[in-house]
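To begin, one chain is listed below as structure tokens, in the form predicted alone.
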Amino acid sequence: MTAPTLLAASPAARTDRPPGRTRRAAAPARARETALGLLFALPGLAGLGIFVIFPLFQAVYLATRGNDILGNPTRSVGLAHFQELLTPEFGQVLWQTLVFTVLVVVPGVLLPLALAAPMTQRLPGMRVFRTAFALPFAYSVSAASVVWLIMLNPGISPVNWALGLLGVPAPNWTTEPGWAMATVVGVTVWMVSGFNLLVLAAGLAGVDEEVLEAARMDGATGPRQFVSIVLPMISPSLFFAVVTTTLAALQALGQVQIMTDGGPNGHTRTLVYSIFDNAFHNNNSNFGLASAQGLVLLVIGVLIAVVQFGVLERRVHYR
């Protein structure tokens, strides 16, 4: 390559171009990149608008409207539907939703963690146990609810039969106020445990053996090693399990409707079930009140997300 050619190809030579000509040449390229970016983002923006933004505005609109017997919105009622929520009955619904969520999330994460820890050991038969304990993940909500209704049916219940062998009187699992919530909570924990077991087992399988060996050489063994070394290393999986289990508990509907229908006397009536009851159950078609309750659920979900991502995530160690 000759000296004039090298001079022309050098950066110094390129910077000798007039600034106006360079900007005019780059403008069409930036316009094409912008148009291409908008084209790729268009499906996502359309989905966000159709499935998130539009339902949100629809809920706000319906929450401020009365409706006829068919549920069609009629006159404006302002904040009357929100004032209907200022009752002890709705406070009881919120309290039962909180109790249900806590009782599902805590054992729904700790129980799979306790099962996943020994299952990661290379012992004979562990694959069979892992598959058996993860099997509830394959059940639909309807199927799991019907299975457990049969398991707890007073006439044919094997659980009641086993309790009878031990001399323990069997309760009415779904009709006694003190046991109905515990039964629905237990079935929900059983359903979420399979998924959480897979997530936490995958996290435990990814723990570096060299790190564990170094910890053992430093004297960290047993529970100390698990708490100080293993838990921080699987904290992303643990955080994911906590978030998804919280969402599953807040959105639980099928098991409540099938097993107790919100009873007895409203003792298993959660917020999502109350929304369903006002909007669709027995042709109530009270979409205004249901929309107001749905907005309350949205606010609760946002507050929980702020706490989880603002507080808990700070303790997560991403590698």
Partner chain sequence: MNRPGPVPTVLTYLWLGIAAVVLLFPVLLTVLGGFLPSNALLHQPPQLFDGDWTLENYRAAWRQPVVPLAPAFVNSLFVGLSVMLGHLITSCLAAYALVFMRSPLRRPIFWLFLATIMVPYESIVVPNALFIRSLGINDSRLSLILPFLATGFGVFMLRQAFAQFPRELREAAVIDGCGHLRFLVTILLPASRPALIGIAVWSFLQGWNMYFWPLIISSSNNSLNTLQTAVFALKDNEGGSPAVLLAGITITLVPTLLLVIFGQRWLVRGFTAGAVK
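Residue numbers count along the first chain shown, from 1. Here the rigid core means the biggest group of C-alpha atoms that line up within 1.5 Å when the two forms are laid on top of each other. In this text, all values refer to a predicted model and were calculated from it rather than measured experimentally.
What comes next is about the form predicted together with the partner chain, which does not appear here.
Taking non-hydrogen atoms only, N265 never approaches the partner chain to within 4.5 angstroms in the predicted complex.
Taking non-hydrogen atoms only, W95 never approaches the partner chain to within 4.5 angstroms in the predicted complex. Shown alone here, G155 lies within 4.5 Å of the partner chain in the predicted complex, counting heavy atoms only. In the predicted complex, the partner chain sits within 4.5 Å of a heavy atom belonging to S291. This chain is displayed alone, yet in the predicted complex one of W190, F82, F90, W179 has a heavy atom within 4.5 Å of the partner chain; that residue is W190. Contact check at 4.5 Å (heavy atoms) against the partner chain in the predicted complex: none of A214, A220 and V311 pass. Interface residues of 41 to 62, taken as those with a heavy atom within 4.5 Å of the partner chain in the predicted complex (partner not displayed): A41, P43, G44, L45, G47, L48, I50, F51, V52, I53, P55, L56, Q58, A59, L62, in sequence order. Fitting the two forms on the rigid core leaves the C-alpha of T34 displaced by at least 2 angstroms between this form and the one not shown.
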